[in-house]
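Read the single chain below, which is given as structure tokens and is the form predicted on its own.
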């Protein structure tokens, strides 16, 4: 269908549109008009992705004089493929209506591991090894050697791509990773470098968060992007954690031992070069006197990770004299590693800020702040000079230089925390030194500053007013949408006690109580007997899940559960979990039904959908608070309190409830779907906890469902399932429409649109 939103003709590839999709487009257009940032919370399963893509591509078509690029960031490769598939459908629809004028180029970009087509390189098992395998065949000096000696192996795909020169371009269209690989094989070109080259010309780019938020990667991939871009972070409820991880580094004993090995190897290489090709080292020295800005002229294959923190003005400075010569720099790194080894030999937990750490490092090892600042780039320069291609073997020294640069650059928003052992296993010495970032706004600030509109959207952004404070920005639009439903197909309940009237909770003082464990088990047995198909259970942590499943096994509850349905468990091993999920789906498909045990904050809670019969009930056992004794978390809470005036309790509750909402939101993936959600913990009945759940869950949570025991919850579940089995009108009755046709949309003026929506 096609319709007008103010001055934009929107092309929407389906015959009907949900009212909330229309409202979402309206708010999104206002943000684009204002050239500002926005926060939009839209319930899961209401077609957020297609609404975003339709509006932004139509907006560009309506205003051809100022072309806007769309940069769409997803968390996983699976989500990227899904987004590109939706975009392909939309693109086909627009070209049938508008012909060639609507043609665009849309590219998905991922790591070499997902795009490489060279079988020799792909044989490596992990991402770093694939990267190194690629460099071994494509680095500029390897190719120069191959020109002189045909026996030196190179990558035929990259050579073909280079030979094609400026004619190596992608024709317009939407390219998923699979399409890029197929196109690369057909033409004999390298899909990874082709995609990297085409990113700057594409109208739509879909890639992972890291490519914009992790400064090491963003400096290479995203520096070409123009200011007139709209950046979308989809499923962005955890965006603050992604920002923090991008700027945090942890150093263990293994890291330091690896770094020592790397330094010895480099020293041998330097000695070898001194004997055979001293001119190279001298040329590097002269280049460093002029500054580091020469990075822009490197061959595409030689660009390595960019500097994690340095602004451009520093890159034009000359490198400090004491690390210009290769052997001096290696000596400085040796002193740094030695100092860090000394710091790890501690009996107690130590915490200090970057300023104190740098001054102590200067006193004991004679390395000043400016030297630290340049470590990462100086290492990069040295590895190029020494012609090192096995970058995967040099990850340890890269980590040390990354740490050094961050410590030397930032004076606030970070802490250095040294822990002699993991508190959960105090008898095993495992010292770790962590540079932990507490301020999520540091990594995302360049994105807000550089691009005209940044859209942060997800199904769970409640309470929405906390995000602008955490990320330190001012959205022009901040809005949470409700879900318009023809029938009440969501049934949330808060279960506070078992059928014996004992309260249930995973509070620390209650979680090992036999009564609580028994009541949780009985709840699951009873529900398994009446709910058809799939049930998903989320626990607060792996250790709690192991403990409770063991107890159920000992007192025979697990056997009772297995009489009704098969049980599958998520583990920390990705392959095992994938296998368990496949078999869980098989059991649901064949009608036997199954139960899946999973963990909040785990892989399954973040990215796997349990739609239709794969999830008719979700039980959230407990409130998934973070481990509150973690030193890193405590330091972050202190920083948030002092800098942004966010109270510890508020942040912890907000964080736990967005995880809980994320877990239970897995069941509803479309409006024809139905499912129940049980929050099994007495703390959910308190208003301060409950009010932080997203509006679309709260609007279905009745007062009569707030303080239930197991037998009451059973009665409600039976009634709900009976009601859901009745036929219903999919488009909604006369009172409120939940599916709008083209005529409905055209008839709507703003006034009666609001009546229809609410």
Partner chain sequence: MATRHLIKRAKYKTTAKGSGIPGVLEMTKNKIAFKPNDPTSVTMINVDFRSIKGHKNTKEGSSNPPLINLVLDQGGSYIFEFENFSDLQVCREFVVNSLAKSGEGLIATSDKPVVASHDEQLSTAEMELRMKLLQENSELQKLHKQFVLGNILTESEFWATRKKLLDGDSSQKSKQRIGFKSSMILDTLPLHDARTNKLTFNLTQETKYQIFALKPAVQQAFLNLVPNKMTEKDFWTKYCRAELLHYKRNAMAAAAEAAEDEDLVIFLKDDDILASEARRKIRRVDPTLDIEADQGDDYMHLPDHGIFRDGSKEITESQHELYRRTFLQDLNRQGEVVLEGRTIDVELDNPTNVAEALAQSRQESDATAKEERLYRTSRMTEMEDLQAPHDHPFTPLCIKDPRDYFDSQQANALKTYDDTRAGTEQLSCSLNSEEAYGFLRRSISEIEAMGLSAHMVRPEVALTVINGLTQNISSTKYQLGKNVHESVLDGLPNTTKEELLHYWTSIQELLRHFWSSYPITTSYLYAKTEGSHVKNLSAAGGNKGIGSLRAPPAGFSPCSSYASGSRCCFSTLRVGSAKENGKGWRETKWICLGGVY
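Positions refer to the first chain, counted from 1. Whichever C-alpha set is largest while still superposing within 1.5 Å between the two forms counts as the rigid core. None of the values given here were measured: they were computed from a predicted structure.
There is another form of the same protein, the form predicted together with its partner chain; it is not shown, and what comes next is about it.
By the criterion of a heavy atom within 4.5 Å, residue 180 is excluded from the residues contacting its partner chain in the predicted bound form.
Remark: residue 186 does not count among the residues lining its partner chain in the predicted bound form, judged by a heavy atom distance of 4.5 Å or less.
Shown alone here, residue 23 lies farther than 4.5 Å from its partner chain in the predicted bound form, counting heavy atoms only. Although the partner is absent here, residue 75 is a contact residue: one of its heavy atoms lies within 4.5 angstroms of its partner chain in the predicted bound form. The three residues 85, 113 and 632 all sit with a heavy atom within 4.5 Å of its partner chain in the predicted bound form. The single contact residue among 98, 502, 476, 432, judged by any heavy atom lying within 4.5 Å of its partner chain in the predicted bound form, is 432. With the partner omitted here, the residue from 393, 488, 582, 513 that has a non-hydrogen atom within 4.5 angstroms of its partner chain in the predicted bound form is 582. Only one segment in the set 144 to 152, 657 to 665, 604 to 612, 330 to 338 has residues whose heavy atoms sit within 4.5 Å of its partner chain in the predicted bound form; it is 604 to 612. Scanning 503 to 529 for heavy atoms within 4.5 Å of its partner chain in the predicted bound form gives no residues at all. Once both forms are fitted on their rigid core, the CA atom of residue 656 lies less than 2 Å apart between this form and the one not shown. Once the rigid core is used as the reference frame, the Cα position of residue 136 differs between this form and the one not shown by less than 2 Å. Core-superposed comparison between this form and the one not shown: the CA of residue 113 stays below a 2 Å shift.
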